[in-house]
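Shown here is one chain on its own, the form predicted alone, set out as structure tokens.
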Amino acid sequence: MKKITLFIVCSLIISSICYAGEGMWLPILLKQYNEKDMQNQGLKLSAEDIYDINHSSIKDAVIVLNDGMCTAEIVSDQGLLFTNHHCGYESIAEHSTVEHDYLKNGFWAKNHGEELPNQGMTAARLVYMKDVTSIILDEANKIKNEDVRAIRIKVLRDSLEKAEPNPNNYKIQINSFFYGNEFYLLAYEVFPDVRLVGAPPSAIGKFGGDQDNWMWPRHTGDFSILRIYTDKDGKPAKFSKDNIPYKPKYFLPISLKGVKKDDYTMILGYPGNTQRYLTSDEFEYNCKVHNPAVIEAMALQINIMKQDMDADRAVALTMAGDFASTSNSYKYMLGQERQLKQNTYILQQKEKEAKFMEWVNADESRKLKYGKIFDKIRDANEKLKTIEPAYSYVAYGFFGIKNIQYGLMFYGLHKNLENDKLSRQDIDSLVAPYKNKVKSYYEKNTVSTDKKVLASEIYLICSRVPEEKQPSILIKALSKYKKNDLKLAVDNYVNDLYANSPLLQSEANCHKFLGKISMKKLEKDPFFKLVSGMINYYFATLSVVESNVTQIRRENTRLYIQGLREWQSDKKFYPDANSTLRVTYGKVSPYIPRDAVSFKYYTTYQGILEKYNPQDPEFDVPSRQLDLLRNKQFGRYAENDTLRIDFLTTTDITGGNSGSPVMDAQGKLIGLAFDGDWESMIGDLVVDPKVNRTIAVDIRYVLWVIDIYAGAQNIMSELKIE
């Protein structure tokens, strides 16, 4: 999901750190930028204890899952990983059946042999990163033409990646930071064999469901357990029964001391995407134009999915991962919109930009370099408005549908078939991988729901976009049906697609169709016509404008950040999140979200009992858990005769940080980050220290579930608990 964009300067007063809590800091720069401040706030470690490429350090225990989907941490010398329940949710669902419903009942492997392989899941460890900015920019900055400059940078990046010594077959990539003002090379050790070890029932791991999502107070045990496997030599390897548990360079010890107000906390993780360095005009465009359209498109999908999932448990299991992802993004957008409308962030940003321009206009050379930044971005956004809401409906609604994403692969197949010199054997070889993808799609197929969702998104486009701006493929297709009832026409069209396209009829019919495939035969298929027609519409009509606007934004944002750093030369800036390892630190803290409302910094088991409602699946509680909690069987995980569940910190996180370790001043694990509060939905744009909070599950509740509730002593025996 793309996020709304904004940058707000923390303070017009020059300072070294904006405030405790804000910042997603690069670990390679901790010694230079943050060590002293972190230690002043309570850290008992050195920067080298956190990030060191010559010796084991905390960064070696922090894992990125699936190239940035989530974060996990190594907690044993046998490669055991803790992450969030919602990070493992799709894998848990894939392993679940109506007979063995691991989502509902939980899963606990009693030994290594019972651990379940997760197809397609990867776990990666950052080995090292290094600054290559000067190598790239010394040459790129000589080029005046932006298009030529961008091409040259890409060539330089590719060349440096290939030239990097790599005897261990690491994944090497160069990432851009500060919109192309800095570049770092990163090397990852990637493990493709990751197995499911344990997961609580969803009634624990997802307690509160969508109603409590992004809310506080929370009472969610949002965790699952994985394990990395390697070959017998300890090297990354694809799944094999002969693989062995990973022997890590470092794993996190676990603390049972708990947290109290103002305790130092620290998170290492892989935040996905923030955009805090853009302008007030972009902020307004997203708030008033783009976001409402995306929210509308998402709402259609989740309402249909929810109805069908509630009606059929088999459908619910099949769609669990897709629904969780879409509904999470939808509620996030709703929360962000609320914050945008209720607060004065746009006005604040305009005031900051005015101050910046005062500095720019005080010098002729600065005026020449930075004077037109805001005007150019404003003009670009006006151009982008000419393709809305069609752009948002198509890019985030239509192309986000499962059956359309399935259809996109046939567009790629068509491109491969354009070579008229292909033999039948060549074609069969091309088609073979697609047959496996077809099988995967039909294993997760929910025809009735998929049809409804597709029809709803087509209807949205045709009813809300002026006809002269609608996709020609839809105008032509719907012209065959009664025009006086658009909804009926769309429903009939989608029904006919499923009836007449072998690609949509069944796995068997699709395989039969592919067995005799040709370019012309594919072009006649009605479903392929829809997919290719919408792709052509997007690239011919929408992406031309969007890509031009993106280029203008990127160029001018790069200059804006360069100017900001020149203007506030004594300030330490951190780059936007981009799924690379970051460090954030702050305090355990309550907060006051609005007048006369105050929240504590932790919750207890009593909240679970208070919310318990057997008539509501989002607040149902397993009978065993009820008995244990009511009888206060807390074991060694109690504090003052209660069991704490979740807590709050001021650390700065976003999507991708899910599952990140929350550590104390000694670097011991005290919790798992899993969410932000409702008021911090604006956090990808601007951090508000008064209300921006990370929600973490207390590690003692995690251990209580594993130990007391599940009795998984094989897992407990691996952990180093202090």
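Please read all numbers here as calculations on a predicted model, not as lab measurements. Don't overthink the numbering: it's just position in the shown sequence, from 1.
This protein has a second form, the form predicted in complex with arginine, left out of what is shown; the following refers to that one.
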key: Partner-contacting position among 337, 525, 210, 90 - heavy atom within 4.5 Å of arginine in the model of the complex   = 210
task = State the residue from 86, 290, 125, 644 whose non-hydrogen atoms include one within 4.5 Å of arginine in the model of the complex.
result = 86
note = Only one of 26-34, 670-678, 683-691, 42-50 has residues with a heavy atom within 4.5 Å of arginine in the model of the complex, and that stretch is 670-678
ask   = Hey, with arginine in the model of the complex, do 214, 222 and 658 all fall inside the 4.5 Å heavy atom range?
value = yes
Distance check, residue 206 to arginine in the model of the complex, heavy atom within 4.5 Å = yes
Interface membership of residue 328, arginine in the model of the complex, 4.5 Å heavy atom rule = yes
